[in-house]
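As structure tokens, one chain now follows by itself in the form predicted alone.
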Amino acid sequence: MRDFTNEDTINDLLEKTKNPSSRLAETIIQKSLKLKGIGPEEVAVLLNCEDGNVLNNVFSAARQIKESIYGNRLVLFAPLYLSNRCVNECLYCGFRRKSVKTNGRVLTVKEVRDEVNALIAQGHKRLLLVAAEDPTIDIDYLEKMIKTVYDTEVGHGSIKRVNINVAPMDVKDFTRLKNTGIGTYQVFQETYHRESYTTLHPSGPKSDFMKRLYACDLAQKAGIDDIGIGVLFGLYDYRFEVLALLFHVKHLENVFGVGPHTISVPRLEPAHGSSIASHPPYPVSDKEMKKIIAILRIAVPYTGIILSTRENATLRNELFHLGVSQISAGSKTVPGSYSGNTSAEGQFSISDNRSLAEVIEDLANMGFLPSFCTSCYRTGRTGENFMELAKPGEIKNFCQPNALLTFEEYLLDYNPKLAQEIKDFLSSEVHKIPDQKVREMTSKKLESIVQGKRDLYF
């Protein structure tokens, strides 16, 4: 195994592209609108650019690219924390071994079912299962919990897609994980800067930089073709991290022919028992967060960019316009907290405390189409099949109608008051579907949902 991120190359690129001309930056922005992405040196130019007018054009391009590929839909999900008991000593994390050694918790089948019941009752259809690294969180446990999630139903509702964020495994266990019916396997490098990684992960299995770096490779070899990567911004220079993410993307594309299904952009927030979390080594400003998200959208146009509730509601509403395509809502990071059965600590502080219903109302008022769609995963539009549609911008021909169908279900079953308030908005969204036949089929399916049908999709 080799470190394909290549620190020397990244540092050279950042040095070479210092103080770029506005003209060069504008040329790169125009190139990005072709939806083919841009290369590492071009990304370095934009990362080093501080011209306000140019950055506004970067933001505009990111918004245009996202809408060209995915339309105005934003996919919603919730994280479900299975445990906070961890053997790692990550210095920035509320789940670090020293912080939870007397208050660690791993949810039982009943507790997971209670959590899922609570989440379905809110209207969720997509979950991200998250587990700290502990010997009890093995593949047998995960298989049992994933089955529990899928088997739980409340009225019309059930969870249709389970994504998962857990510690790296070997190929054999990844194969078993694939067979549970998960969607995306997600693992973050946290920081790609080797020295910082070693300092911040002094003990535990996670201290192995290369093992974590190649986790996505092993998952791909096991047949999991939807992969999610990410960085915890604030641990090292954000410009270095964005370029390292891009080199990781290129590695996956070169080796497997498929880049990451998602890229997450969490920013370091205060966490119980961690002074580093409250005083980031490399603080990232709100302006820099906007820059990070927009440049990632430009550089990797096909990927889903995920924004968590670490950010406050006001900033999140701004970031939604800069290329974000998936968001968590109504999140809790304490195991057992959705059903109220908890005494444990959360992984980090949540800044956006709006409920799912409040987030959805705000999205609709801003002109976004809330989506709980799970059709790609369920119809085999994953991996290469997904990329063949996403890269040329054709995936939105599925995203728009499927978002409407899932949103209509949500409104009828969980928020009928909002349904009355946004009738005109829904009607206008149907009319946006360019293909007449698909538009007519969508209208018929929407009427079927009003008549009581559920789980309709393209």
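Residue numbers run from 1 along the displayed sequence. Since the structure is predicted, the reported quantities are computational estimates derived from the model, not experimental observations.
Beyond what is shown, the protein has a form predicted together with S-adenosylmethionine (SAM); the following relates to that form.
- Site annotation in the model of the complex: the residue of Leu76, Val242, Ala132, Leu119 reaching within 4.5 Å of S-adenosylmethionine (SAM) with a heavy atom is Ala132.
- Think of it this way: in the model of the complex, S-adenosylmethionine (SAM) has a heavy atom of just one of Val324, Val166, Val162, Cys376 within 4.5 Å, and the residue is Val166.
- In the model of the complex, S-adenosylmethionine (SAM) sits within 4.5 Å of a heavy atom of Arg212.
- When contacts are judged by a 4.5 Å heavy atom cut-off, Ala294 does not count as touching S-adenosylmethionine (SAM) in the model of the complex.
- Not displayed here, S-adenosylmethionine (SAM) is kept clear of Leu80 by more than 4.5 Å at the level of heavy atoms in the model of the complex.
- In the model of the complex, none of the heavy atoms of His261 sits within 4.5 Å of a heavy atom of S-adenosylmethionine (SAM).
- Partner contacts here mean any heavy atom within 4.5 Å of S-adenosylmethionine (SAM) in the model of the complex, and among 154-162, 110-118, 262-270, 249-257 they occur only in 262-270.
- Relative to S-adenosylmethionine (SAM) in the model of the complex, residues Lys125, Asn415 and Asp455 are all farther than 4.5 Å at every heavy atom.
- The partner is not shown here, but in the model of the complex the stretch 167-199 reaches within 4.5 angstroms of S-adenosylmethionine (SAM) through a heavy atom at Ala167, Phe188, Glu190.
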